[in-house]
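In the form predicted alone, a lone chain appears below as structure tokens.
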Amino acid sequence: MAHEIKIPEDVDLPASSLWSKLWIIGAGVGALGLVGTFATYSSNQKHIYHSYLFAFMTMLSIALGCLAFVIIQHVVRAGWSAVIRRIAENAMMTLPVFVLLFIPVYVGVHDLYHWSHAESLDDILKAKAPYLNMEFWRIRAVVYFVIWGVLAVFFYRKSTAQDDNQKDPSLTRSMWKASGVAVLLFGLSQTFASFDWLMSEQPHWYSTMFGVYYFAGSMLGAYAFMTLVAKGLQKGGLLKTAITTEHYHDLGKFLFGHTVFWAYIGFSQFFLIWYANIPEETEFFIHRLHHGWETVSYALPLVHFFIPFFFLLSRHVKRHPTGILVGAFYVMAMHILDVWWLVMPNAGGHMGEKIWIDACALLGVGGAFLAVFGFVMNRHKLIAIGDPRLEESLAHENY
């Protein structure tokens, strides 16, 4: 079916828009959240560092998920996503700032990771010491941030350069060529970062599927974030014709698909450990079946899989303005709950104890993330206006 394609004009963020003030709002919320987090440092030191790690890994997962989305679009040479991709590109440009946000994790390493106390290691941890030692841990952290920063800056600069050099195919081809190597670098770096910063909180436990589990959650967070931002921009009178029901339908498909993917990886990890019944492998789940955490453990399959699965299953819901918005909000909330469940049982105590510190930490790191996201969003067009496949994306239809 032939369509007359009109290039949208509402692709610049006006100074009068509340979105142009997002960096100020985010910075204010972030500052208040971080002050609230560390206000009772002397009496809640261990809990505070775990709360911060929870917030850090939650927001990092969204930024990494957006980076993965951008890379994947270039790997598969997708055209439909040209009007969506800039949101993900702006989000992935927060990754260099996570170097600064990592400082409290680095400072609190001895409260977070038992293996960092070299003088109190048992035989198992001594055997793991060639990998789990402070020097190598620091080096790996530097490598991760360098990889993520280089990839984010490379794809962002190439994409925004097309805003001034419209439809320059050489820029697109250079991103296509780099995307193959980028997939490998991203996959390995995110996997080992999840081992280092999450799985090693319980260093006797191990799972080769844990990195994929964290990746699945990252993609859910990224798709939910892109959907919410797109809806918010349109609510603010922007991108009215650029992002259509067809694009939301596809974002809904990805939310639905990765919900299944998350559940598949989570169940596979649990089932292999359950039927093997090896003590050092069951430690992770045993730890989350006491002190009230069993409530979250039993609820996650229902609230993180079955409910969003049946809700997003319908084509009508994915194409309905309110339906996809509700779905994205819900999936984002469940992703946050999932990361909370991964981190906070390691702080000791009962489920929900001092939860206000957890909330403050999430506001703190989340505010910093939104501040940088808002700052970057102000600098360029809201969509990849110079992408050679823009017209294809504007005319995109699901059949």
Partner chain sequence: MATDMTAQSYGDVNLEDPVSGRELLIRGNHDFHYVTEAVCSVAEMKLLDTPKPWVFGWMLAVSVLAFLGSLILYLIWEGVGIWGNNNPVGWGWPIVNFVFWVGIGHAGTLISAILYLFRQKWRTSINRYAEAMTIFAVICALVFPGIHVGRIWLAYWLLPLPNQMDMWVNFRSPLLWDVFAVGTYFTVSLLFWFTGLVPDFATLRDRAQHKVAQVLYGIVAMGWRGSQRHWNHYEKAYQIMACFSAPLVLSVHTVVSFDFAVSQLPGWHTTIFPPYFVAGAIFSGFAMVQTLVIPARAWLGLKHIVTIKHIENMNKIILLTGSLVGYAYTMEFFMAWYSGNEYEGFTFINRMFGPYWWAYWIMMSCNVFSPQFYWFKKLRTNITFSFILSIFVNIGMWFERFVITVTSLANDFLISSWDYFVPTWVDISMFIGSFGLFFTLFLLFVRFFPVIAIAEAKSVMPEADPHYHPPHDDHPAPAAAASA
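Fair warning: this is a prediction, and the values are worked out from it, not measured in the lab. Residue numbers count along the first chain shown, from 1.
From this point on, the text means the form predicted in complex with the partner chain, which you will not see here.
Participant: Is it the case that residue 268, even though its partner is missing from this view, gets within 4.5 Å of the partner chain in the predicted complex, heavy atoms only?
Facilitator: Yes, contact at 4.5 Å.
Participant: Decide whether residue 264 counts as a contact residue for the partner chain in the predicted complex under a heavy atom distance cut-off of 4.5 Å.
Facilitator: Flag for residue 264 set to yes.
Participant: Looking in the predicted complex, any heavy atom of residue 302 within 4.5 Å of the partner chain?
Facilitator: Judged by the heavy-atom cut-off of 4.5 Å, residue 302 is well away from the partner chain in the predicted complex.
Participant: Would you please decide whether residue 169 lies within 4.5 angstroms of the partner chain in the predicted complex, comparing each non-hydrogen atom pair?
Facilitator: Judged by the heavy-atom cut-off of 4.5 Å, residue 169 is in contact with the partner chain in the predicted complex.
Participant: Counting only heavy atoms and a 4.5 Å cutoff, which of 318-326, 106-114, 150-158, 187-195 contacts the partner chain in the predicted complex?
Facilitator: It is the stretch 187-195.
Participant: Let me know the one among 234, 200, 244, 297 whose heavy atoms come within 4.5 Å of the partner chain in the predicted complex, would you?
Facilitator: By the 4.5 Å criterion, the partner-contacting residue is 200.
Participant: What is the one choice in 137, 311, 205, 293 with a heavy atom within 4.5 Å of the partner chain in the predicted complex?
Facilitator: None of the others qualify; the residue that does is 205.
Participant: Thinking of 6, 21 and 100 as the candidate spot, does the partner chain come within 4.5 Å of a heavy atom on all of them in the predicted complex?
Facilitator: Not a single residue of the candidate spot has a heavy atom within 4.5 Å of the partner chain in the predicted complex.
Participant: So which bits of 108-139 sit within 4.5 Å of the partner chain in the predicted complex, heavy atoms only?
Facilitator: 124, 127, 128, 130, 131, 132 sit within 4.5 Å of the partner.
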